[in-house]
Structures are given as C-alpha cells and as structure tokens.
Ligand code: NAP
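Just one chain follows, in the form predicted on its own, and it is written as structure tokens.
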Amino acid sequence: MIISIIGIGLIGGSLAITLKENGFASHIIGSDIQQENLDKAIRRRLIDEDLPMEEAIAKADLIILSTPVDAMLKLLPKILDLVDQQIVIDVGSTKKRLMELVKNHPKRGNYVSTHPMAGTEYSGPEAAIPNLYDNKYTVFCDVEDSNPNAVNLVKQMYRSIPMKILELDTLSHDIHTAYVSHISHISSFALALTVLAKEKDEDRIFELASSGFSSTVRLAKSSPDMWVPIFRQNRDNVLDVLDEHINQLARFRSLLIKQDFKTFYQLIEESNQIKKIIS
C-alpha cells in the first residue's frame, strides 16, 4: 500500500517508521510545508520520497494528515476535494471544528477521523521513534459518517502496529482529551513557569531536579506550534477542567494556610485512588 503523510513530524514520522517496518506500507511519500523537514525525513529514511501535496495525494492509496490542528482546518477540505478512491485520515487531538467543517463534503465517506493516543514532548522528524504506538489506544470518531470499507482498512492499519481501538463521538472525544491530556500540558507549562520565576539559579534546578520533578515538568518541553492550536480549538473543554484544577489547588493552599494537615492527608489519600485506573 502506498501511503502519503502530510506533515512529517513526531506523529507522522513515527507512524512512517512503524508502517514500513511491519510491511503495511510498501511505499511512503512525505509532503510538508517545510522542505527542511522532508530533507530530514529522507535522510532518516522515514519516507521514500517527497512530493508536493497534490502529487502525493494522487499517488497514494491512503493519506494521513498529520499537521498541527489549525492547519488541518485548511488542508482537510482541500485533500477531500482532490481524492477519488483514496482514504483520508487525520491524527489530530481535537475534532469538533474539523468534523463540522467537512460534515457535508461529498467525499466525507472517504475520511476516517482518528486520534492515536501517544506522543512525546519532542517535535519534528528528528523526534520520530519506532514503537511509539505499540499497544496504545487510538480513538475513532463518528465512524457512522465514514464508509465501512474505509473504517475497516484504517482499523487494519492500526491493529498492524498493534494498537487498541476505541470509538467515541466527536464531543465525547474532545471532552475526555481535555481531561486527561490537555490539562496535563497546561499544568506542566504552569509548573515550569513557576519554577523559572522562583528559582533563578539554573544550576540548582539541574542539580536538585529529581525524577519526580522531571517527569511532572516533561510536557513543558512541548512545542507551542502544536499546543496553542489545540487549546484554541478545545478552549471550552479546557477551561472547564482548568477551573476544576484551580479549585483543587486553592483547596490545598487553604489547608496549608490553616495548617489543616489532617484534611491535607485525606485529600492525598483520595488522589491515590487514581492508581486503580492507572497502574
């Protein structure tokens, strides 16, 4: 199968590695607004060739749209305009605006909306790694609006990785990703800014940063080019969970002021229940 990936970064590049290694793709074409990304992808052998988007679409059986989510709003309708029998998927972290945009497109059935729930704090083709998606979940959104044959082929692709599959409607997807992914990134950005504001000695940060701090602030290394569009598109859901997060922080602050460490202890015990969900 010939696969064209529009946007060669961490997500698209890591998919390219896996789909070439497992034999699902016989040939991978890359298309990107930045030629530098394509040159890196060629050097790393993530892709077999690079082409302008129109040529990449015409030559492919499957097109994977893997750009920042704001760019997807511009590109997905154009890609659907150009396809004939080809199947198109996106791998974006927000869905509502994108799905509304192409809801009535005559080629809507060729499009399958997916979100592989995996990533790192790094970006660009140099960040692409093998096995990024192994045994993770990928979310399929509004599958009833896609052609069954298209859905089945895309499920075959993800299962070949292998990934586990979950189906959600678009609104549920955006709510749940705000709760478990988007708030984590905002919290990490805020923590990094807090430490940078209070600790002016960079050597002390480096020397005293334990594995706990490093893991908590890891996401603060993520690219604003990727995350600002996500926050923009999922603003209402992120605000909802952010308000709750601020309320919880305020509770801890109040307990510290009151020196109510008994209740503080109880709250930590309550938070420990997350281990029943995440081992």
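Residue positions are given as counts along the sequence shown, with the first one as 1. What you are looking at is a predicted structure, and each value in this text was computed from that prediction instead of being measured.
Below, we turn to the form predicted in complex with the named molecule, even though it does not appear here.
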Among the candidate stretches 190-198, 143-151, 119-127, 160-168, which one is within 4.5 Å of the named molecule in the predicted bound form when only heavy atoms are counted?
119-127
L75, heavy atom within 4.5 angstroms of the named molecule in the predicted bound form
yes
Just to confirm, N37 within 4.5 Å of the named molecule in the predicted bound form by heavy atoms?
yes
Does the named molecule come within 4.5 Å of any heavy atom of L80 in the predicted bound form?
no
Taking the named molecule as it sits in the predicted bound form, is S93 near enough to touch it, meaning that at least one heavy atom pair lies within 4.5 angstroms?
yes
The single option of V69, A60, I64, I47 touching the named molecule in the predicted bound form, heavy atom within 4.5 Å
V69
Of I230, L51, L242, V217, the only residue with a heavy atom within 4.5 Å of the named molecule in the predicted bound form is I230
Counting only heavy atoms, which residues in 242-263 are within 4.5 Å of the named molecule in the predicted bound form?
none
